[in-house]
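One chain is shown next in structure tokens, namely the form predicted alone.
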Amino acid sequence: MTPELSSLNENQQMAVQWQEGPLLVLAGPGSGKTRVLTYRIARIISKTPDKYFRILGLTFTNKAAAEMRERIETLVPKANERTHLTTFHSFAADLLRQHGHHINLRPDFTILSQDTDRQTLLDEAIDEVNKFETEAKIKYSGEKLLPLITRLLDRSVTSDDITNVLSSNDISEPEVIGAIYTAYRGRMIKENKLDFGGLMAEAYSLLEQKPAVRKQIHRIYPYVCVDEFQDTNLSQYRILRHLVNPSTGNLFVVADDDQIIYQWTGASPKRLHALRDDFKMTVLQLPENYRCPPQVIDIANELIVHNIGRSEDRERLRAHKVGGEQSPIRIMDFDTFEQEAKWVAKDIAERSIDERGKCVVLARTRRLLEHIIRVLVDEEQVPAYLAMRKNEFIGAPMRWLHAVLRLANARQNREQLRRVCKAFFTLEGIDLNVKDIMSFASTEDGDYLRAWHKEILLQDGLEQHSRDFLVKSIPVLSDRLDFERFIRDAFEWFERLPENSPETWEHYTEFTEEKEAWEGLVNEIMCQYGREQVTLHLLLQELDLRSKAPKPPNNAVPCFTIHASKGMEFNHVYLIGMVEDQLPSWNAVKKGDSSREMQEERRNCFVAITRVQESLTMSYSREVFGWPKTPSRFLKEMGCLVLQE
């Protein structure tokens, strides 16, 4: 069934009906870009029912990928059989599972999502280099070097180029740091572990070294689509160049250079220029905005034109909505931020309960948001939450479950054994010595999970209901790798544990929310890959790539940093802290108005105000946390201070 295109505007239809070759769609906020992308994929599938190729769609969040899959499945039933819609990181993990043996990586590799784990591995790399350092011992630590190593991985710098790259960027001791970088990448491969940057760097290395793998990808995916291209770092862009068949150039990219707000992760306006040059892209623009009131579009246009380096042919946004008699924009000024927070909280509290959940409070920094949340919750009794990524489960039940599964996947992983022992001690009060279990395992088959199981069953203090669970369920995991049954049994044990051991109640404060988050994530992964395709290591890798943040409370007011709000929309937006040194940031003010930092801060403001569907409230104070402040220059650039007068 071919999707109906009559509801699309002329430019949207042109994008959907694009046939062969490279196309760059410059899509402003609220322009229906996801709709265009999904309609185009659906159209290609429906027009080629007798073909077996698949379409690759890459984006940056699992939420966006899931939304695309759902939309396309609605347009073309069973479309998931011919599409692979995923994130850059998930695609890289999938690529390395299938072909990582070419670079000595096993498919059950572990993904390091915690900085502490990365720092430990980096410290080991530093110790390794120290053994061969003939001069003074290396003074660096993993904690100190990790940000630099991350930046190098995000640029997929090779071992051959590392010294030159460091020298050209005026990094001291380039030979030593280069050796550490090389050792770190080597240890990741040796220990079958990858961090997020290593995931992308090794995927690029594989594609660069193995033309046969590239050809296979070109055969499977003759069409490649990318959403939010402006967020790509150099590693991701280099991977993308290898994914596209050079003989056809079938690359469909949706991007917005006015929403590049992740320069700290490697995104850059230069990437769009490189894309246009490398692929000789035809450019199509989607300037019509279906989200915001026209008054908001007007100030957004006035703001963003102050940025230099934008696409020269970039059109101004055009509002599709018709404006009302009353302006949807409010500008509020206060003597202190304390007054600002109280006013915002009271204004939200006076709305209906249903409408509160359609509001959002945005700020450049978490500190401002944390203060607002305290006022909302403590003074106005309005539930609110700070949206942020959560890499690991916190409660003892979920920590134990996750660690046991990881240990089942990597039977000699000392860190996971330590976590299993620590979480079980919290749940049952039985303290096992990690070194003793490792020694016991070495005398048998070297399997830490089986050794832990045998050792825990020897403990007299083990509760009978826990003993019954462990006797029945651990062999299901250790011998048959039936992780789905083990997870079901574990949840039944968790539910009964507080009844038999009341002292464990204090460790269950987040259990309900974390269980719900776990079940939601597992369901997403099963839907994405198909239940029969999900192995234990695939499940664990995908879990490590995703946030474990629980579902927010109903009707609670979301409080987001501007970065976290990107891609979202809300009826009512409160943009707080509109002062110099906040938005724009202190660093941008220091660097000056023509700096890349100031350009990005202006894009931050542009992103924030274009989340609006109905009303926009911007506020500033003349004193923030005891420091005198002046109104943000962006208010003047938008003409908002004039509007106030």
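Just count from 1 along the sequence shown to find any residue number. This one's a predicted model, so the numbers in the text were calculated from it and none came from an experiment.
Not pictured, yet referred to below: the form predicted in complex with adenosine-5'-triphosphate (ATP).
Just one of 33, 40, 602, 69 has a heavy atom within 4.5 angstroms of adenosine-5'-triphosphate (ATP) in the predicted complex, so which one?
It is 33 that has a heavy atom within 4.5 Å of the partner.
Of the residues 482, 347, 278, 569, which one places a heavy atom within 4.5 Å of adenosine-5'-triphosphate (ATP) in the predicted complex?
Selected option: 569.
Exactly one stretch in 537 to 545, 286 to 294, 464 to 472, 306 to 314 has heavy atoms within 4.5 Å of adenosine-5'-triphosphate (ATP) in the predicted complex; which is it?
Partner-contacting stretch among the options: 286 to 294.
For residue 228, is any heavy atom within 4.5 Å of adenosine-5'-triphosphate (ATP) in the predicted complex, or not?
Flag for residue 228 set to yes.
Would residue 9 count as a contact of adenosine-5'-triphosphate (ATP) in the predicted complex, using a 4.5 angstroms cut-off between non-hydrogen atoms?
Judged by the heavy-atom cut-off of 4.5 Å, residue 9 is in contact with adenosine-5'-triphosphate (ATP) in the predicted complex.
Should residue 259 be classed as touching adenosine-5'-triphosphate (ATP) in the predicted complex when contacts are defined as heavy atoms within 4.5 Å?
Residue 259: yes, in contact with adenosine-5'-triphosphate (ATP) in the predicted complex.
Might residue 29 be said to contact adenosine-5'-triphosphate (ATP) in the predicted complex, defining contact as any heavy atom within 4.5 Å?
Within the cut-off, so yes.
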